[in-house]
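So this first bit is one chain, no partners, the form predicted alone, shown in structure tokens.
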Amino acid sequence: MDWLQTIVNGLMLGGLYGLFGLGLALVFGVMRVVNLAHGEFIVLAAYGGTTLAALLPGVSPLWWVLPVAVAAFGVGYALQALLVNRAVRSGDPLTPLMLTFGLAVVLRNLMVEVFGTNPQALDGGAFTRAGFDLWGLRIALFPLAVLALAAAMFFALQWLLSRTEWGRIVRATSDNFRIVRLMGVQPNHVYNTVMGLALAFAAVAGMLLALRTSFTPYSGVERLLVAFEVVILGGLGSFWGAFAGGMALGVAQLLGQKFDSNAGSLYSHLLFFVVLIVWPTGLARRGR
């Protein structure tokens, strides 16, 4: 039963890991841009939550998830419109890569300057510590809610892209941005919206991270690594594959820590390495 408890906890942790990679998968799938500042935006959103909680201490931090996500959408839209679109138009795939790398360095050092290097976290109150017993297992409410929210966000994004007119426009722009111009579509506006959504997803992940554990300005590198592993493990272009990849990493990490308490995330990285060797295209595309 102890092992089953570990697996269940790993699945719930994997929901958060899946959210780390959702925005990264969206940007790469639509624009073929690898946002190396993705981890820093996750941490920046977490700091946004701690700042709001300090300004209004009587309000539960859970209420700040949506406002921080909306603000992140605006930041992503402006970032794409003012900087990344210009880099994409250069035609060199390394240009947006280097741009986001430089942005990551700037954001990391800016957070160090403004917030310092001491670990911070958000206290979500009784909800983040509550749980219930089910068939001999102890289920924590907050991680379960994170898993449910992650599944809902993956489903909503998949539905938007596959079932709505906006989704058809996004997919058409991703296939050939020159042709959609003939249909009256503005590719830059599509890219701006996609980047805004990606940073909104990152902001939700950052707020949930702050409610679950402590973080510092240097935590972005590790979150970016997890996001990359989630996206590649699931298979590039597969959102549900990324969700499954996140849960696989979560289970591998907690099972590894059960074997060796000092292992940290070693076993989740080993899982990623093994899958990459056996199925280089990812789990969702292994049969293709």
Partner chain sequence: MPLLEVDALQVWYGDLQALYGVSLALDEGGVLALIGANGAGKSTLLAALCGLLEGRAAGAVRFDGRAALGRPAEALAREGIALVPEGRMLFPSLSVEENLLMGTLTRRRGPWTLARVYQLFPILEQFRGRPATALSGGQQQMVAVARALLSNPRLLLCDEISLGLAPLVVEQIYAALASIRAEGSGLAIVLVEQDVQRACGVADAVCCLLKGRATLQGRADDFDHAQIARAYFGH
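These numbers were taken from a predicted model, which means no experiment stands behind them. Numbering follows the first chain given and starts at 1.
The protein also exists as the form predicted together with its partner chain; that form is not presented, and the subsequent description refers to it.
Contact annotation: its partner chain lies within 4.5 Å of heavy atoms from the stretch 181-189 in the model of the complex, the single such stretch among 208-216, 181-189, 67-75, 99-107. When contacts are judged by a 4.5 Å heavy atom cut-off, Ser162 counts as touching its partner chain in the model of the complex. With a 4.5 Å cutoff on heavy atoms, Arg138 does not count as touching its partner chain in the model of the complex; it lies far away.
Although the partner is absent from this view, Arg168 contacts its partner chain in the model of the complex, with a non-hydrogen atom inside 4.5 angstroms. Remark: Leu83 does not count among the residues lining its partner chain in the model of the complex, judged by a heavy atom distance of 4.5 Å or less. Proximity to its partner chain in the model of the complex, defined as a heavy atom within 4.5 Å, singles out one entry of Asp133, Asp175, Glu113, Asp123, which is Asp175.
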